[in-house]
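A single chain, nothing else alongside it, follows as structure tokens in the form predicted alone.
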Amino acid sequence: MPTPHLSAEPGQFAEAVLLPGDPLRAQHIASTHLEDAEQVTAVRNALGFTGTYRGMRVSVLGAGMGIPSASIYATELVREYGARRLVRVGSCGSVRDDVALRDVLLASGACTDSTVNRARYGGLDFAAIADFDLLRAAADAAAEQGVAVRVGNVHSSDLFYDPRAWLVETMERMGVLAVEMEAAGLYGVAAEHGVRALTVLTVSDHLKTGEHVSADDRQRTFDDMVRVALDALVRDAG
């Protein structure tokens, strides 16, 4: 049945769901990459669509910005709609000289300054990691498509405008590739509910150089990561 944040009827979401942050990116993905896509929800303008990709039924939903928003939608998708594979496709900010604008990253793990996973894990640190089979499928899909990807840790931040100037240097020293705002929460939801998750990112900003792509490019032109994510879901389905 519909939830406080999703108006879809039972069965209208697929078990595999892409989760961009921007609802307009969700609309772009549905219209560009899916066949026979139909809108299934629009509560709070969190646009959601279901269609098919290479014969596989798949949904896409704009899940908003930050761990709280993404966690609400991920939880409702799993609990009420039977979602079992959740793949975030979003933007991130590089913290390394060797990670450039438009690079595609596969987040094998997600560090965070959020406490959501400590709440789930009795106050202790929880290792928020991607599902290995989805991660391997994405790496294989990228290789087949000729898309170069980096695999490693990202940092899921609670603050977009973070006053801690030293943090970028610390992340770089610790091997973190980039900063984003949702992966650690998504991985925590997946672990809590026994489902599988992955995060695929495109670098939209560089925190060291100040370089960035336009808001329109973020919304409409990050298609390499979307194709990697979709092909990974197909491969994973067997």
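From 1 onward, residues are counted along the sequence shown. Keep in mind that what you see is a predicted model, and the values were worked out from it rather than measured.
Absent from the display: the form predicted in complex with a small molecule. The rest refers to it.
- The closest non-hydrogen atom of M181 lies within 4.5 Å of the small molecule in the predicted complex.
- When contacts are judged by a 4.5 Å heavy atom cut-off, D205 counts as touching the small molecule in the predicted complex.
- Although the partner is absent here, S114 sits far enough away that none of its heavy atoms falls within 4.5 Å of the small molecule in the predicted complex.
- Within this chain, L106 is remote from the site of the small molecule in the predicted complex, having no heavy atom within 4.5 Å.
- The stretch that touches the small molecule in the predicted complex, counting heavy atoms within 4.5 Å, is 89-97, out of 126-134, 139-147, 67-75, 89-97.
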